[in-house]
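What follows is a single chain, given as structure tokens, in the form predicted on its own.
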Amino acid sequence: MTTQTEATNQSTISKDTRIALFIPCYIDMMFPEVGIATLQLLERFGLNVSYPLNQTCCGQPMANSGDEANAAPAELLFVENFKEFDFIIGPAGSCVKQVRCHFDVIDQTDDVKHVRQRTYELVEFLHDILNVDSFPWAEFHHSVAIHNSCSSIRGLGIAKPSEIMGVPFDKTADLLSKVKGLVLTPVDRPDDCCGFGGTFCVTDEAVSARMGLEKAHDHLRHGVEYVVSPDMSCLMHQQGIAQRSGLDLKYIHVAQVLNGGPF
């Protein structure tokens, strides 16, 4: 396995640094390959990664529905599981956004503040903390469109929103551009919502499905083979719509591409 020693000009983190892997519940249940890819990728950089076995849901589904009372126990359990770590890394922008931006109802103890401040989405951790400049083990000879979720863009700031003026940037694109053979394919409306929105796809099913279908046709129109995202929840929604509509598109998490699998 190629390791950190073959990647250059990146920040190093001491082996004494305590790194926790936060795997959202839907990834644990439905997309375990994403969790495996994330762990393997972090370990390639020589990080000492732990997986707290008692972790559960971060409380996002309840909080997004306004049920803060039932979200609070899940949020407190999250803090209890991760309070001893220096960094908490999760491969899901919306769940990380829940921890960092929406743990507001529970008491803001020192442990809560620490966990909120030290929880990172995978792309931003690789880009902003490790400053990774190469993935020598990864090859992906396909045309790829990026889907950065609304939470990742507007909550975590991993790319510039199109509605705001300023210098364009996209941290996901920066990382994927370092993968051999991968062709980044621009689309017409890269940061439009795909219609998932958690409970929105249940409460407003018809609108949600139409938004996802328009997203898929945007990708097809530009000859995209794979849609790659830091958020598997959005991809789950888009993949379901594409399969039901008979559209030839494939969907995978950015961790799988950067790690070179598993696919």
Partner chain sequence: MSNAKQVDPAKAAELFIIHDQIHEPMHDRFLWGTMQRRDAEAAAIPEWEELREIASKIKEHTLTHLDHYLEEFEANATKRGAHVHWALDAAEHNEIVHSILKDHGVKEMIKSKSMLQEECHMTPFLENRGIKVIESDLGERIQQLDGQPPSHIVFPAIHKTRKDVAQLFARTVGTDPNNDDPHLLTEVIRNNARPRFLATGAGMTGGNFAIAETGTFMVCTNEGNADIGASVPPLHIASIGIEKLIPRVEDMGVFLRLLARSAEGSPLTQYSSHFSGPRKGGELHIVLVDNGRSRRLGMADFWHSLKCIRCGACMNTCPVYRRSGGLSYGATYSGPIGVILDPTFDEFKYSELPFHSTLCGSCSDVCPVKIDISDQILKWRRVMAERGYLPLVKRMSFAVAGHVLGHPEEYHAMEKVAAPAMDYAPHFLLYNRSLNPWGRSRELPQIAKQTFRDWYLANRSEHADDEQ
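Since the model is a prediction, treat every value here as computed from it, not as a measurement. Numbering follows the first chain given and starts at 1.
Just so it is clear, the following notes concern the form predicted in complex with the partner chain, a form of the same protein that is not shown.
Notebook entry, point to check: Thinking of V112, G157 and Q256 as the candidate spot, does the partner chain come within 4.5 Å of a heavy atom on all of them in the model of the complex?
Noted result: Checking in the model of the complex: none of V112, G157 and Q256 is within 4.5 Å of the partner chain.
Next item on the list: Indicate whether the partner chain has at least one heavy atom within 4.5 Å of a heavy atom of S14 in the model of the complex.
Entry: No, S14 sits far enough from the partner chain in the model of the complex that none of its heavy atoms falls within 4.5 Å.
Notebook entry, point to check: Is there any non-hydrogen atom of D104 lying within 4.5 Å of the partner chain in the model of the complex?
Noted result: Contact with the partner chain, yes.
Notebook entry, point to check: For G66, is any heavy atom within 4.5 Å of the partner chain in the model of the complex, or not?
Noted result: Yes.
Next item on the list: Would you check, heavy atoms only and a 4.5 Å threshold, whether P136 touches the partner chain in the model of the complex?
Entry: Judged by the heavy-atom cut-off of 4.5 Å, P136 is well away from the partner chain in the model of the complex.
Check: Of the listed stretches (127-135, 169-177, 70-78, 83-91), which one has a non-hydrogen atom within 4.5 Å of the partner chain in the model of the complex?
Finding: Among the listed stretches, the partner-contacting one is 70-78.
Next item on the list: Using heavy atoms only and a 4.5 Å cut-off, determine which of I252, A20, L249, I241 is in contact with the partner chain in the model of the complex.
Entry: Comparing distances to the partner chain in the model of the complex, the residue within 4.5 Å is I241.
Notebook entry, point to check: Going by heavy atoms, what in 182-212 lies within 4.5 angstroms of the partner chain in the model of the complex?
Noted result: D188, R189, D192, C193, G195, F196, G197, T199, F200, C201, V202, T203, D204, E205, A206, V207, S208, A209, R210, M211, in sequence order.
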